[in-house]
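The chain that follows stands alone, in the form predicted on its own, written as structure tokens.
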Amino acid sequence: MDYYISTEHMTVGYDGVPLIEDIQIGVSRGEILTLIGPNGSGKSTILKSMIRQLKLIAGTVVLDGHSISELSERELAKKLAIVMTERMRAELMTCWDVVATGRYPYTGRLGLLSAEDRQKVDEAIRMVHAEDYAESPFDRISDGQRQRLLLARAICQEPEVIVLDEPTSFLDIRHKMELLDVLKTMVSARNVAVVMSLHELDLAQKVSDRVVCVANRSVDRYGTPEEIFQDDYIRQLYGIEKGSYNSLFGSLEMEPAEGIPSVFVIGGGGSGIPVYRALQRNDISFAAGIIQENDLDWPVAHALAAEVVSVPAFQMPDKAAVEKAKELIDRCGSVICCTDTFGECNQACKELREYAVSRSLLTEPSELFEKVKKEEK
């Protein structure tokens, strides 16, 4: 593949001591390459080595057909922009001034900005939705606001590659999505190549074209999100021993509560998920059913319930499944029904609800949690 920036047999480390050897990765323009892996695995070290912040121990980084070591600072700055996690010192500078430093590769020796330069600075600030504090002192804004402005600085640099180390750090949910949307726009509209590290696996899975997995002093895997984000592999990569990871939803679930189930939950269509999680938080072991294995409730119930009565996808529950669920209801002694709507495919759940009512076992979640709290006291 014709990569715009790539590593060839790159070895990285500190003070001449190798940390990760023989790294061969790359990304083309119009693509996003994301590094994931445990804390301390070497993701930042790889990025810093690719941008010349750390000296390579071996190998080379190739940018647009040239070894990056052969490019002057100005040549490199016109092709590559950097957004790293280190705090930037910007005393007596406004936010606008900081973003404007992205234009310096294009100015003369005096660093004077032209009208066109100023326009590009303003456009970049608008792209990251930072107009409201553009004239504020940079050292008096929040970490999240700084992160957005540093991205704006990279944007107005008009690079062909943007390298970002944990760009979503310090950002709330809204601004995480806005930042990644800006990156996607840069990739698609301006044909930029993006190389970044992320901790949020759900975001990495959704936004990346290729993913590099860094662990155990090596590049453990390198491929598409579909190849990388598999339940068993992510558990192995991060050494997850408690809880579970679901690759379809990109979600993590806690360990199920211990003990014999004392509540049976009737759900379906995603209605049971909030109740499953609330029961787990309150350390209440529960059973669930009857759930088809293509139902939204299934993966969370499977992760958190002590026992699940289920049937294969698109299959109607048979008499045996209904009887098994009724036996569980009797053993549990309490039933929570999360829905009042029963379609043609979940008439068995309607039957279970009627069974619970006939046994006076139906309860509301709030009543159950209040009862548990009283018992604990």
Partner chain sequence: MEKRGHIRLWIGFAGLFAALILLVIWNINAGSVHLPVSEIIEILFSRTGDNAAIVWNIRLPRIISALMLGGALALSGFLLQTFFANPIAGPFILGISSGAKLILSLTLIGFLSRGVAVSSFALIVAAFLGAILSMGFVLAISLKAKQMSLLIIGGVMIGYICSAITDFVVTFADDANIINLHHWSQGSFSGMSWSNVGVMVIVVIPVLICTFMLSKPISAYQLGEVYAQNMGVNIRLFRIALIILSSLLSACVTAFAGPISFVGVAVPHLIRSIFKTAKPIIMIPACFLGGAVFCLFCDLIARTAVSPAELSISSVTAVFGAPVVIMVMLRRQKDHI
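Worth saying up front: this structure is predicted, and the values here are computed from it rather than measured. Residue numbers count along the first chain shown, from 1. Basically, rigid core = biggest C-alpha set you can superpose within 1.5 Å across the two forms.
Absent from the display: the form predicted together with the partner chain. The rest refers to it.
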One residue of 250, 105, 256, 299 in contact with the partner chain, assessed in the predicted complex (non-hydrogen atom, 4.5 angstroms): 105
The partner chain in the predicted complex has a heavy atom of only one listed residue within 4.5 Å, and of 132, 91, 172, 232 that residue is 91
Please tell me whether any heavy atom belonging to residue 157 falls inside 4.5 Å of a heavy atom of the partner chain, as the geometry stands in the predicted complex. yes
Spell out, yes or no, whether the shortest heavy atom distance between residue 97 and the partner chain in the predicted complex is within 4.5 Å. yes
In the predicted complex, does residue 73 come within 4.5 Å of the partner chain, counting heavy atoms only? yes
Consider residue 149 of the chain shown here, and say whether it contacts the partner chain in the predicted complex, taking contact as heavy atoms within 4.5 Å. no
Are all three of 53, 77 and 153 close to the partner chain in the predicted complex, meaning a heavy atom of each within 4.5 Å? yes
Would you mind picking out the stretch of 274 to 282, 238 to 246, 112 to 120, 300 to 308 that comes within 4.5 angstroms of the partner chain in the predicted complex, counting non-hydrogen atoms? 112 to 120
Cα displacement of residue 273 between the shown form and the other one reaching 2 Å, rigid core superposed: no
Does residue 133 count as moved between the shown form and the other one, where moved means a C-alpha shift of 2 angstroms or more after fitting the rigid core? yes
